[in-house]
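What follows is a single chain, given as structure tokens, in the form predicted on its own.
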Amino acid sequence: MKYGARNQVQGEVVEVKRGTVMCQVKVKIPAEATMCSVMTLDSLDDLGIAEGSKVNVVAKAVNVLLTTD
């Protein structure tokens, strides 16, 4: 599947925090960093994502903020 987003990296799911409707998925990526994604539980289940899953992180943002604090 092709995407219009240029910022893509592969990683491994290290944690899934489930709420009542939404969840937070933490992904370990190269350079010993992590990224998080929030999605519905339906999407999580449809994609079959669980701890240990290999996933692609695709980031497309209107704004990228840098801070010095």
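Residues carry their position along the shown sequence, with the first being 1. Values in this document were obtained by computation on a predicted structure and should not be read as measured data.
One more form of this protein exists, namely the form predicted together with a further copy of the same chain; it is left out here, but the text below deals with it.
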Examine residue 14 and determine whether its closest non-hydrogen atom to a further copy of the same chain in the model of the complex is within 4.5 angstroms. no
Touches a further copy of the same chain in the model of the complex: residue 51 (any heavy atom, 4.5 Å): no
Any residue of 50 to 69 with a heavy atom within 4.5 Å of a further copy of the same chain in the model of the complex counts; write them all down in order. 54, 55, 56, 57, 58, 59, 60, 61, 62, 63, 64, 65, 66, 67, 68, 69
